[in-house]
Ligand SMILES: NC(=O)c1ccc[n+]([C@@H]2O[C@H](COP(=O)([O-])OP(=O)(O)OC[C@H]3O[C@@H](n4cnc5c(N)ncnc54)[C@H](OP(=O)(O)O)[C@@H]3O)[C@@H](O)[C@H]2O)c1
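Before any questions on how it binds or moves, here is one chain, the form predicted on its own, in structure tokens.
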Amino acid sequence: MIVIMGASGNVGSAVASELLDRGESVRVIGRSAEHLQSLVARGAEAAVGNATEVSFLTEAFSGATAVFAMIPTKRDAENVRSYYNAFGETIARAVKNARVNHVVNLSSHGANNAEGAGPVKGLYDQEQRLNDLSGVNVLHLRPTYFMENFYADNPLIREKNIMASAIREDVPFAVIASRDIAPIAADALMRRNFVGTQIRELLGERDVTMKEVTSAIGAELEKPELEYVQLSADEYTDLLQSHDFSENAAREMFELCEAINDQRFAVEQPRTAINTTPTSIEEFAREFASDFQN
């Protein structure tokens, strides 16, 4: 039995789906039975409850040959790092209580930084926490910046014909489609051929700049005039807070943008065929345009 956290989200649901396609026994965790129904209909077992409770998570992990662990984002958290640490401690305790031997942990590119990486600092803490568990083999998957983050620009494109963030337009950085994580995570969960603690970075198809992202999306939207605007700290955090981010979460996201600008959100492992994933920014732009038009 392979247990999947976050099974109603983009990454967790894709991992669960991949495993079901391969005929694996899967238990999916979520707060809502309704949101897990499509996976249950395909043969998954549902564990419905509050994943911030050690007792529930311990029971959900019981009997697992492997666990896909992740901390869901919470943009209204009053203190993002404290939220990550509280949730992460629950996961670690449940792994220990349930005597899980193999964990594939969804971390992030940049989680080598204890400071200065925005919300990713909480994933640095979680990596250390899981590394300290005795007798548990842990693979930390470190995908880079999600392409899906660009969907947040939909209102700006409609209202002002711009894309915007605090990232400089000329800084190349790696971006990934979240679905490209699923086959890699599924392989690791099935094979369980990692020992001790290991790190695997997932770097997307290539590095891009925000100018290139805007150009690709503008071309698919038939908006060649689409412009990218770099926002100041106050402009960017005000924008995020208008979309229900807490003040702390907005400031943490600005710090992440600054880490990209300063190359602190940088690749530790050289780009290879193994850590390069298939979806290009042009492919994503076509999907973005379809979503935008519908």
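Throughout, we count residues from 1 along the sequence that is shown. It should be emphasised that the depicted structure is a prediction, and the values quoted were computed from it without experimental measurement.
The same protein also has a form predicted together with the ligand, omitted here; what follows describes it.
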| message | When the contact criterion is heavy atoms within 4.5 Å, does R251 count as touching the ligand in the predicted complex? | response | no
| query | Looking at the partner-bound form in the predicted complex, is G63 within 4.5 Å of the ligand by any heavy atom? | reply | no
| said: Given that the ligand is not shown alongside this chain, does S82 nevertheless sit within 4.5 Å of it in the predicted complex, heavy atom to heavy atom? | reply: no
| For A51, is any heavy atom within 4.5 Å of the ligand in the predicted complex, or not? | yes
| note | Which of 164-172, 93-101, 139-147, 211-219 lies within 4.5 Å of the ligand in the predicted complex, heavy atoms considered? The stretch 139-147
| query | Which residue among S25, N10, T276, T279 has a heavy atom within 4.5 angstroms of the ligand in the predicted complex? | reply | N10
| task | Counting only non-hydrogen atoms and a 4.5 Å cut-off, give the residues of 75-113 close to the ligand in the predicted complex. | result | Y84, F87, L106, S107, S108
